[in-house]
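Here are two versions of the same chain, shown separately as structure tokens and labelled structure 1 and structure 2.
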Structure 1
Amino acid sequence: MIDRTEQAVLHALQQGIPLVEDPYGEMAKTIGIERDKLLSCIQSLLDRGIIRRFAARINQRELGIQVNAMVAWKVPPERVEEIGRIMATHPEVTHCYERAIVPQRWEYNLYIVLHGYDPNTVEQYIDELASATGISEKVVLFSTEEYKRAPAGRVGEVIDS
């Protein structure tokens, strides 16, 4: 259970940390609490697992990273963990997870999401992963348009692609 102060702190964190000399002081002032109270509240939320991680969110399009692909791989069940660990170490892979197959309908069980500057480069990354793992059966789904990009807990926003 969280109290009103913790709710206010969570809301402020979801809005983003201000790029000022004392961002926590600025956030505390906005919430109406002391800076030390804000910091202890954040630490408590982390300790209790309410906040799982604290990270920067990069706008990849501003960096020129325009191409995203999800790749579904058909991996023998006994090799999923091994192959997943190999794929997860590739620098351009941002997500790597296993999903259940649907026999005779969808046999792909390992999924990755990766990013690059152009389609050819992304295809090269996929080829490198296939070569490194010996897995060749896959389906590649390139993103064509981005409709929403927001961290959990925020009201949706539409992003121009």
Structure 2
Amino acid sequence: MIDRTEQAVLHALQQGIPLVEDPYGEMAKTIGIERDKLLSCIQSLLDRGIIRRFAARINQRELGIQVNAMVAWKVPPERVEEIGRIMATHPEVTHCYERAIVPQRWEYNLYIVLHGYDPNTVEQYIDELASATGISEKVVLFSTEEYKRAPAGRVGEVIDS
């Protein structure tokens, strides 16, 4: 769990640090703590896995990585663990999840998201994964429009009680 100071820090930082000479100093002032306290707080959140990374987020489409494909695979339940690990090791796979099925209607249970510069290359990655795992039943879902992309983790403002 996180305490009130950590909540205030996460809430303030989640929109990104200011791009100024002393960003941590400026953020610390906004939050009302010392810079050293802010830095040790972020480090502690990283050490405890509450923050996965403190890093730059980029818009890969602006750099030519325009293709985003989600692939849903139908994997025998007893092989999900094994296949999930194989898919996860592919460098161009950014997400790999097991999900519940909708019986009779949608029986795909393993999902990955892949990115690339062009559809052919991404198709090639998908073929590589199909042959590495022996899983052939799949649906490939290329994205044609991005309506929203935001961090899933979010922290509300500290409310004084």
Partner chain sequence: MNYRPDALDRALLDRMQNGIPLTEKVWDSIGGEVGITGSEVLQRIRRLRAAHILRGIGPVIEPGEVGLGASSLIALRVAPERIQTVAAIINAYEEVSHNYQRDHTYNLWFTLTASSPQELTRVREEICRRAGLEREDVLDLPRRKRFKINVRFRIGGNGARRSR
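If you superpose the two forms and keep the largest set of C-alpha atoms that fall within 1.5 Å, you have the rigid core. For numbering, take structure 1's sequence and count from 1. Treat the numbers as computed from the prediction; the structure is a model and nothing was measured.
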item: Form predicted together with its partner chain, given as structure number; value: 2
item: Hinge residue among N120, A56, Q104, T89 (rigid parts rotating between structures 1 and 2); value: A56
item: Rigid-part reorientation between structures 1 and 2, C-alpha based, degrees; value: 25
item: Value in Å for the CA shift of I33 between structures 1 and 2, taken after the core is superposed; value: 3.9
